[in-house]
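In structure tokens, one chain follows: the form predicted alone.
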């Protein structure tokens, strides 16, 4: 928006969160709270943006996209002090300033855009975004005279009659920058907190003949800041509900939205069906026509189209090609890839392993640091022994290999194309193409031994 600048206040620790982590760094839908707020602000395309940072400044600064100016508030002296630091960082900004708290991630871009438009339409020096609450405890009250805002009184400084007021200050404002700069010079710290309140500029501007407007928000829940773990959980539910509705609107079937957890950066194609209890987060991308049975955990993974993921599988930082099947109870650890139409079955674990097109590891196997070719059958109980206590080594299995059950590959070892590994073998050397590898003790049968010794007690030594 032309002529618009923005300051985001993100310097506080948030003592009511009872955490060593700065408040704006707490995650919502797998994104830090501040990232949600910045996304809403950036959607307005302001000419300049400054973020006031203080506690854990390096971590907060790392979240700022290019072009957003960090402004350090070394000592937290109140919101007016922070606003002044933000203004200084904008260097010569003029026109309209949108000021938003970093802990207000539910304020969508449309609401913020509406506030700016309302401010310009009213030709106000200050416009306050307000909300009406049945239980306003803890929030600054909007005091009106003749319908016009005369001042904002913080909870700790409010009189008994003022505490009965239902209209509260959301902490989001539009300012005429020149009016704000002048008013900030007159703010004092004579209050219960001993801080410089930004809310004091309301009365200062009004007494100076300026115009103060107030715009009530349609949905009060979106205007409230997050100051506690209870409020964080409530915001999490609101954001996840919005995310799930967005996916269902785009053609994804979510059978039980209340028990499906999808983070903000996930992408899902149409005609995918998601059963209850799935958690999908990070930068996961899921193609169309997939089926996710109950209870899966998927993070930072790329999943092709037509994939079926059976219940209670864990998939981390992995790639799964079209028409593959995973699970149930499978675990794909980081760095794993599964080819087209391949299968990873019950209690199979992959770690930095590649399973080629059409290959199958159907049950009870561990493939670590392995490169498995196309159309390979991995028998139950197969293990690639990739660690010797000091270093990791790789197992390479060529195309069309058949691996019998209960086989172990002592890496590093290479199995040639078309080879057959007999069940129960421990492979310590390379196997040539099309060879049979057999490594086990020859079987001995003793005739009638079982019959002759049935019921006989075995003497202990």
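For clarity, every value in this text was computed on a predicted model and none was experimentally measured. Positions refer to the first chain, counted from 1.
Missing here is the form predicted together with a small molecule; even so, the following discussion is about that form.
Proximity of residue 247 to the small molecule in the model of the complex: non-hydrogen atoms within 4.5 Å are absent; the residue sits far from the partner. Remark: residue 76 counts among the residues lining the small molecule in the model of the complex, judged by a heavy atom distance of 4.5 Å or less.
In the model of the complex, the small molecule stays beyond 4.5 Å of every heavy atom belonging to residue 317. In the model of the complex, the small molecule sits within 4.5 Å of a heavy atom belonging to residue 154. Between the small molecule and the residues 272, 170, 284, 278, the one pair within 4.5 Å by heavy atoms in the model of the complex involves 170.
Scanning 359, 199, 127, 365 against the small molecule in the model of the complex with a 4.5 Å heavy atom cut-off leaves one residue, 199. Heavy atoms of every residue among 10, 101 and 140 are located within 4.5 Å of the small molecule in the model of the complex. The stretch from 294-302, 375-383, 330-338, 78-86 that comes within 4.5 Å of the small molecule in the model of the complex, counting heavy atoms only, is 78-86.
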